[in-house]
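This document starts with one chain, in the form predicted on its own, laid out as structure tokens.
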């Protein structure tokens, strides 16, 4: 394992160059440029704030930061999973030209998605500061390990999705349906309290949903100025360990054979 990560680090200039190429190609000859990556969550936030303020009497000043932070995080999760499905196919020419750890290609996807996530999260933080202010700024330091945890989870999910799609190419379509279901099963566009009040079994959708735990890690320090609940920390750590273990197992079993399936 140490040698594997050492090899990835030795090739850091290669995969960093791939990330720069992806970002440059995505915004080449674009007038707005990086602004396009922020337009979708901002537009969705505006539309949903207008709808929810009328249907559910939500206060826009508090609901807008809540919604934008959730959409930004979910955009990162969706990007690493869906783009991760194609990461090995997109990098097929590089895989055939040189022998390198295949984990660098999902890493390429994760860093690109992470760049856009940081931009969106910065906009969400500015929105919170403008409409509410930061009640307890030192608590925001807890976001640093949260971002590191998100990186591990994102990289692991990208590896798992990429390997699964190479070995069974219908995986991408199945994952797309699953992500759509998870979007509505996760308190992204609605508050968790709305589920807790509906039915005695509804809290399980929150407390057993690892993506809801990730939202808790982001929202509590940013919106409420308090540390995340212990259940959210434990659930997020469990997700990171499980995803990393699955990614390591997938690479160990299929890495040497995947070239024959591309």
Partner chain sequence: MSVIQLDDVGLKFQVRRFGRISLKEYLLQGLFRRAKKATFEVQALEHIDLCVEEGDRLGIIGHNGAGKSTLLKLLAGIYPPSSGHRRVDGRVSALFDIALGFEHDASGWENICYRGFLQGETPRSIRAKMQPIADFSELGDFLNMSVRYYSAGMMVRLAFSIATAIEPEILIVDEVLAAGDLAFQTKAREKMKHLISRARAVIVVSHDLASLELMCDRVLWLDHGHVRQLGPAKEVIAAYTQEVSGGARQAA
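Bear in mind the structure is a predicted one, so any value in this text is a computation, not a measurement. Positions refer to the first chain, counted from 1.
The discussion below concerns the form predicted together with the partner chain, not included here.
K.L.:
Taking the partner chain as it sits in the predicted complex, is residue 17 in contact with it (heavy atom to heavy atom, 4.5 Å or less)?
P.N.:
Heavy-atom contact with the partner chain at 4.5 Å: present for residue 17.
K.L.:
Considering non-hydrogen atoms and a 4.5 Å limit, does the partner chain approach residue 165 in the predicted complex?
P.N.:
The answer is yes: residue 165 has a heavy atom within 4.5 Å of the partner chain.
K.L.:
Do residue 251 and the partner chain share at least one heavy atom pair within 4.5 Å in the predicted complex?
P.N.:
Close contact is absent here: in the predicted complex, residue 251 is far from the partner chain, nothing within 4.5 Å, heavy atoms only.
K.L.:
Please determine whether residue 4 contacts the partner chain in the predicted complex, using a 4.5 Å cut-off between heavy atoms.
P.N.:
Residue 4: no contact with the partner chain in the predicted complex.
K.L.:
Exactly one residue in 140, 174, 130, 118 has a non-hydrogen atom within 4.5 Å of the partner chain in the predicted complex; which is it?
P.N.:
When the partner chain is considered in the predicted complex, the option within 4.5 Å is 174.
K.L.:
Counting any heavy atom within 4.5 Å as contact, can you tell me which stretch out of 70-78, 141-149, 122-130, 95-103 lines the partner chain in the predicted complex?
P.N.:
Of the stretches listed, the one contacting the partner is 95-103.
K.L.:
For the stretch 10-25, return the residues whose heavy atoms include at least one within 4.5 Å of the partner chain in the predicted complex, in the order they occur.
P.N.:
Contacts from 10-25: 10, 11, 13, 14, 17, 18, 21, 24, 25.
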